[in-house]
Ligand SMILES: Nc1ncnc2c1ncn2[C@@H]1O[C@H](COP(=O)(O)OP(=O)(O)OP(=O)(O)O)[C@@H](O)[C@H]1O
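The chain that follows stands alone, in the form predicted on its own, written as structure tokens.
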């Protein structure tokens, strides 16, 4: 008898990851698709499509079909995802195949159904179950889905941030925000424009975020090239870490506040286990220099970055797919 095939998918605003049962993570690509104008025929997906962003040929339109963690363009998302699954060589078996798909906890019913539709549009035999991203991140960080210990998880993706208190396979409290790494990049773009009169691209802002973060990094400053807003000429300038930190504060402050509000709502019986297990920082935003220390200072809970934070959500979804599928509610 052939074994049941299975796939875990973290369809993110910035990157999408696909884990195939028995093979591990087989795809990690930008969530982008290039479409021909005016037919809408897909020509490229993933990294190749994303590389065209901002410099598309006139006959091509690049679409990033997710916004704030949920689908904003269903047709483009479905085409992109099916291309990803073909590239991952995901083949359905004779038995009904299974899929576990990660979704932001704050997603509406309609947004959740759009995600299911995108996954199953060309694979009607696929049995789809959804898992909230903070829960998947907690399981990916080592939380036992059958356990009874409370853990604080803060998952910062490209479009969303979710602070949650997780017990086993249950979210006891959650605070979702529709801001994340993309909002940080935009804040840096606007901060440098206002402070230095320099217009930079979002990729340059992302690099400054990674290099300087909230602490200034090892060098305390970095060089960046942009367009002088007063003269329209190209200019290289030195960006001090304090400028980036000040810009990031517009996004970091609401994240800190949401975690503090979550802890105010925490059932007292969870306090001991939450402190013992430390705060678990997951997602790409977990790599922001100085963020773990800021959370510790604000909450009094030691906060650590989970192993391989960029893959913590899909890792947890894969564990649920392979060992605890029945814990997830059918869609």
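Residue numbers count along the first chain shown, from 1. Here the structure is a predicted model, which means the values were calculated and not measured.
Keep in mind that the form predicted in complex with this ligand is missing from the display, and what follows is about it.
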Margin query: Is residue 111 part of the interface with this ligand in the predicted complex - any heavy atom within 4.5 Å?
Written below: no
Report task. May I ask you to check whether residue 279 falls inside a 4.5 Å heavy atom distance of this ligand in the predicted complex? Result -> no
Check residue 310 for me: does it contact this ligand in the predicted complex (non-hydrogen atoms, 4.5 angstroms)?
yes
Does residue 209 make contact with this ligand in the predicted complex, using a 4.5 Å heavy atom cut-off?
yes
With a 4.5 Å heavy atom cut-off to this ligand in the predicted complex, the contacting stretch among 231-239, 140-148, 218-226, 156-164 is 156-164
This ligand in the predicted complex has a heavy atom of only one listed residue within 4.5 Å, and of 35, 295, 32, 288 that residue is 288
In sequence order, the residues of 11-40 that place a heavy atom within 4.5 Å of this ligand in the predicted complex are 12, 13, 14, 15
